[in-house]
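Consider the single chain below, provided in structure tokens and representing the form predicted alone.
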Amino acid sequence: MELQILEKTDDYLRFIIKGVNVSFVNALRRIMLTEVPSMAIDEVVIIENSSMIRDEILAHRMGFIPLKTDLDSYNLPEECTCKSEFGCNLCRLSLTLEVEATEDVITVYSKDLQSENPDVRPVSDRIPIVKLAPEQKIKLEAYARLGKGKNHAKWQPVSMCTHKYLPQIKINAESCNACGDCVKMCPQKILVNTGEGIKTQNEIECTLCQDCVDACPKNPPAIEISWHKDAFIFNIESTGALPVERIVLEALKILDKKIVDFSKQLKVRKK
């Protein structure tokens, strides 16, 4: 297996992976979406709400505020030793919100949420929750837990997780007369007419649309678009709950565990 990092920040990762098949990369993608745990608000106790938004809608909006996640300090509720439906300080986190408008209309933002653990907080301070008119007030307690995207989308640690085949472009220099029709049709500007023939640039941006092949007047076309069967381009964007590198590592751990468990079950059945 070969790995080439194309772009990397805390919340975005783009890389080329070679030497694997589509089953592997798709399994990795699905695990990132559904199995890697992250923290989200799961229960909200409304103490006072005189805003225009109903309690249920307010609680729903709270649930979709991405929270910075500390995977090393908290357990999944189903794996916690407390075995309590209410949770404990190892599987549950408390946040409070108490805001009142006095004379002017104000906007309540995610920064107004007070967490008992400063390491677990909204990923952004500027997420609007509700607007309050004068003399309106909100007071509530929210409880966050680790969860998985397969149970609810609010626990997905990624906002984007895609892969595609690594493109392969071949130009037959003998039959190509550099008419430029394919260059005009390419939506990604992959093809360029250099005066010495048609050349390619930034091939990984090719969408495999085949427009350039259809535009070629030659029969058969002088350009061929295909893809590597064992090479893929991965694009991953984190919600901010976890660094994107941690998401990939956790997904690989989970995939490895699934393979080990499956192998053990096969051995048991053979016996």
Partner chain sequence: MKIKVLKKTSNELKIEVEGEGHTLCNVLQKVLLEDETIETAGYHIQHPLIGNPIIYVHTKGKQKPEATLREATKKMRGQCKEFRRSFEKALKEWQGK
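Computed from a prediction, not measured in an experiment: that's the story for all the values here. Positions refer to the first chain, counted from 1.
The same protein also has a form predicted in complex with its partner chain, omitted here; what follows describes it.
**Student:** Okay, which stretch from 43-51, 206-214, 220-228, 242-250 lines its partner chain in the predicted complex, with non-hydrogen atoms inside 4.5 Å?
**Tutor:** So the stretch in question is 242-250.
**Student:** Check whether Arg61 has any heavy atom within 4.5 Å of a heavy atom of its partner chain in the predicted complex, and answer yes or no.
**Tutor:** Answer no; every heavy atom of Arg61 is more than 4.5 Å from its partner chain in the predicted complex.
**Student:** Is it the case that Ile31, even though its partner is missing from this view, gets within 4.5 Å of its partner chain in the predicted complex, heavy atoms only?
**Tutor:** Within the cut-off, so yes.
**Student:** When the contact criterion is heavy atoms within 4.5 Å, does Ile233 count as touching its partner chain in the predicted complex?
**Tutor:** Contact with its partner chain, no.
**Student:** Using heavy atoms and a 4.5 Å limit, would one call Ala27 a contact residue for its partner chain in the predicted complex?
**Tutor:** Ala27: contacts its partner chain in the predicted complex.
**Student:** Looking at its partner chain in the predicted complex, which residues in 249-264 have at least one heavy atom within 4.5 Å of it?
**Tutor:** Contacts from 249-264: Leu249, Leu252, Lys253, Leu255, Asp256, Lys258, Ile259, Val260, Asp261, Phe262, Ser263.
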